[in-house]
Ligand code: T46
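So this first bit is one chain, no partners, the form predicted alone, shown in structure tokens.
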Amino acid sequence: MILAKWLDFQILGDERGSLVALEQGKIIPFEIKRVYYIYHTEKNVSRGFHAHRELKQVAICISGSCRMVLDNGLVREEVIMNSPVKGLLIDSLLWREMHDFSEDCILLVLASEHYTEADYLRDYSAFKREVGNA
């Protein structure tokens, strides 16, 4: 079972440089309700360690690199994020962890919902119980 679902973005541009345009309903398969980015992550710091009940995300490493771990409760998969022209579609009820941030990493995230703490599953055992009932 493959958990990592990649979205390939079209590169636009000319001799002046490159541009990537992201549009909901076209390349982004949900309405974008929240955008945030992670940067200046300290060396040896890992992030994430949660899942969402409803929220879906597209993560894009627009600079540098990091290692993303996805887990559906049965399968655990790791991918390296290091391209501004590929987005990682992270579905609901997928545990995610982010590790090995490069010094110049900027990880942009497009989210399908506004921030709601009740949507988070922050305990891995509770996540496993919930996906067993999904």
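All values reported here derive from a predicted model rather than from experimental measurement. The first residue of the shown sequence is 1; numbering continues from there.
Below, we refer to the form predicted in complex with this ligand, which is not included among the displayed structures.
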As a check of understanding, the residue in K26, R76, R34, K43 with any heavy atom within 4.5 Å of this ligand in the model of the complex should be identified as R34
Exactly one of R53, K86, R67, H50 has a non-hydrogen atom within 4.5 Å of this ligand in the model of the complex; which residue is it?
-> H50
Considering only heavy atoms, tell me if M98 and this ligand come within 4.5 Å of each other in the model of the complex.
-> yes
Within a 4.5 Å heavy atom cut-off, is Y120 in contact with this ligand in the model of the complex?
-> yes
Quick one: is I106 in contact with this ligand in the model of the complex, heavy atoms, 4.5 Å cut-off?
-> no
State yes or no: in the model of the complex, is some non-hydrogen atom of I38 no more than 4.5 angstroms from a non-hydrogen atom of this ligand?
-> yes
